[in-house]
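Just so you know, structure 1 and structure 2 below are the same protein chain in two forms, each on its own as structure tokens.
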Structure 1
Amino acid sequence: MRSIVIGGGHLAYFAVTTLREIDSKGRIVIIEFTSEKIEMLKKTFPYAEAIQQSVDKVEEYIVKNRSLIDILISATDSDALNLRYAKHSVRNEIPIVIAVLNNPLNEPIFRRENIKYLINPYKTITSKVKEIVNKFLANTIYEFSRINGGIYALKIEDARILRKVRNFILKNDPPFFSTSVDSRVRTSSAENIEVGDVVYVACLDKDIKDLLEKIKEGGK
């Protein structure tokens, strides 16, 4: 497939190597703005085609090749440019448009502009810190890109939360497992979950939000 990666920095590096891994016989085109980086890109990615374009000519390139481009990843070092190219690509009906964020605080702006596939490389910092320190009520381990769901960790701090989580599992029957305080993995049975465990559950985000609401509300 024909993939276009805009940008020649470290974000683009990971995008290009992943695309190569996905489709080793596919065509990868990297669009970069500076001649120095173009030379470096040609050496780093001999299998890819590196094209130098001025910032304002990228849109023209997308329009010219819109019937051939399968995937476009906007991964420059500027969120303003990433948003601009991603929006332009969506308007030109490129089937898969992915934007990579430089500043996680810009995520809502991209969401508002209807950019469906957005990669926030910093998102793992929050979940990793929570996981390592092991202090949280709920921790988003992974969010799926194609559906509104993910893998979530829930800390069973007391009997009330245990009851709520057990009920949730029995009602929704999601795939899950739990780990004990000493990091042993327990069998996947709601009855085996104990206070102090961390339960890892894969489900829709609306379901986990409902569960957290119920936990916050208190009561039985």
Structure 2
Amino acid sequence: MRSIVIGGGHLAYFAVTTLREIDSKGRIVIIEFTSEKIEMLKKTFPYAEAIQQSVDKVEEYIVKNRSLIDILISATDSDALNLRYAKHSVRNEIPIVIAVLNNPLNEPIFRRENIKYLINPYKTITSKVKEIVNKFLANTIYEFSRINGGIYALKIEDARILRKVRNFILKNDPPFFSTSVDSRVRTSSAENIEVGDVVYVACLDKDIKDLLEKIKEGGK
């Protein structure tokens, strides 16, 4: 696997280490703009090739090497640059183009430009904080970015929540399964879910938010 990572900051660090974990023999090229970071990158990632390019020369590098690139990850500290390089890579038919967001509010802009694969690290941070602090009823297990959905885990803490979740499943018919306290898996029907179970349900963001609002409202 031949990968290009644009950027030398902390976002790029995680991208490079993940690519190395996926394919330990793959070729990784890191493109950075400053000589100071280039030297640091060479020491940090001896298995990767660190190349210094000016901001305006990156597109030219992509064009010259596009037949050799399987994956391009734009992970600079600037969403404007990430969008610029991702759009250029899509136009040049790089098989997999990934952009990392610095500001989650910019996600719709990338979507409008047909950037299919976006990484929003702040969504991950939010879900992990919720999981650790345990103040919310649903934790994000996996995100389907292209359809704004995901797999969510809901703890059935009492009979009222049980009724809400059962009604949600019966109405929307989403893929789901539940695990009991003793780790048994129940998948046959919503009627088999019990208080104390954790339900894993796949649905759209708006649907899980609607369910949580109904749970907060109280009542039957």
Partner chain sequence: MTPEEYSLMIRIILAVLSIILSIFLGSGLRKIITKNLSKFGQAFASKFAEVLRYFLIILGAVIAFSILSLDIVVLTGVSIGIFIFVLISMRDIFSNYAGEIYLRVRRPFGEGDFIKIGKISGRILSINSQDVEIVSLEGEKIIIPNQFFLKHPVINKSSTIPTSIELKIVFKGLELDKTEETIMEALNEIRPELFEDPRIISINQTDDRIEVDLLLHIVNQRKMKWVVNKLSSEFHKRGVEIEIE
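Rigid core (definition): largest C-alpha set, two forms, superposition within 1.5 Å. Structure 1's sequence is the ruler for residue numbers, which start at 1. Worth saying up front: this structure is predicted, and the values here are computed from it rather than measured.
Taken from the form predicted on its own, structure 2 is distinct in origin from structure 1. Once both forms are overlaid on the rigid core, the distance between the two CA positions of residue 26 between structure 1 and structure 2 is under 2 angstroms. With the core held fixed, residue 9 shows a CA shift below 2 Å between structure 1 and structure 2. For residue 195, the Cα coordinates differ by 2 angstroms or more between structure 1 and structure 2 after the core has been superposed. Core-aligned Cα shift between structure 1 and structure 2 at residue 172: this is 7.5 Å. If you overlay the core, the Cα of residue 210 moves by 9.5 Å between structure 1 and structure 2.
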